[in-house]
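Given next are two forms of a protein chain, the same chain in both, each as structure tokens and marked structure 1 or structure 2.
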Structure 1
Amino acid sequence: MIRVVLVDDHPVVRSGIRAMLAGQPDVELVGEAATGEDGVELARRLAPDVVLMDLQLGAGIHGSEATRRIVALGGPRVLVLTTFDTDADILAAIDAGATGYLLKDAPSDDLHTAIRSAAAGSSALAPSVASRLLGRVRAPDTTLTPRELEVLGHVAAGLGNRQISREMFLSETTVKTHLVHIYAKLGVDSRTAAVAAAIRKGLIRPS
């Protein structure tokens, strides 16, 4: 039996996923949480095989940070189940140790297969996610690094260089260097143009 914990801040979504899992003879939903902190605590207490993790969890820690903490427990596999497939979201989740990344519009059969794959320690990626990752591998010279995506995310949120340096514990010079690289890779010459290009390419989410 594969024991699953579900972490999502929307009750309607949790109800829908609960129904999708109900008919599976080898899958048991043993716990639900609406926040990242509660998800981490449930994973620690219940020691499930798989944690289904949303990324945007309202107040509190982000889903990728919750993933990092759960993976650090050394037992549960984390399968991200979200509506977002930007490079920034995907890389943050994978860097945190997620075993798989699925979108919420995936057919129920895909979800069941992904849960079984995650429980077995195999990766499970939505086709669009796999395609984005493959694109990064094939075009490394024009691909933004996770650090550059993080800087750009702060720029999109309206932060200046000094604020970004404080948030990321970097010098202002380093932030400026990242911005130069971002501009060159995106073929732009301003912060506004960089944000617009990144949103258009699906690299970051609109603020």
Structure 2
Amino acid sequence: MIRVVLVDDHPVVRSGIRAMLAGQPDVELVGEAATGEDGVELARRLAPDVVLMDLQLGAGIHGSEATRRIVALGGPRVLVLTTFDTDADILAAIDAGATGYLLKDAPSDDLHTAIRSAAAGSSALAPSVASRLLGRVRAPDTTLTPRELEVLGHVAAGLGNRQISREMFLSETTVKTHLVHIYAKLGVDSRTAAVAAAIRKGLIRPS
């Protein structure tokens, strides 16, 4: 029997996960918490096999910080739950020692298999997302320089080259040069396509 603790600030999500796990004979939901602090405390006290951790907790410590503390306990594996796979802090959670991550809109089968492989200690990420994550982390040359990222941010904000040049105290030519490099690295050939690609890869945050 795999003992699971769930940490999520949304009652709806907790209820949904609870319902999804209810039908599983080899999984038992032993505790729920709405905040990171409570989650850490619960993990310490109940020593579950797996902790399902939401990243965007409304109040208190962030999910990745809670993950770090739970991993430090030594026992439980942490599976990160997140709404968007474009989320930049998935990497932070992995870095904090999360065993894997799951999209909240994943079908319930993915949830079950992910829990089981996490409990089994396999540090492999969920199959459906593993390739995407790996592709993002070690993609060929998607490493934009700081300056290029800055330019890309302004492009995504809808600024033209001249506006960007003024904003960054550059000549328009330099902005263009940066853009050429950005296009090459992202494999696109227009500013709008670059924004689309950057959002898809989580290089910039849409807001």
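Keep in mind the model is a prediction, meaning the values are calculated, not measured. If you superpose the two forms and keep the largest set of C-alpha atoms that fall within 1.5 Å, you have the rigid core. Numbering runs along the sequence of structure 1, starting at 1.
- Shown first, as structure 1, is the form predicted alone.
- A movement of the C-alpha atom of R44 falling short of 2 angstroms is seen between the two structures when the two forms are aligned on their rigid core.
- Annotation for A66: C-alpha shift under 2 angstroms between the two structures, rigid core superposed.
- Relative to the superposed rigid core, N161 undergoes a CA displacement of at least 2 Å between the two structures.
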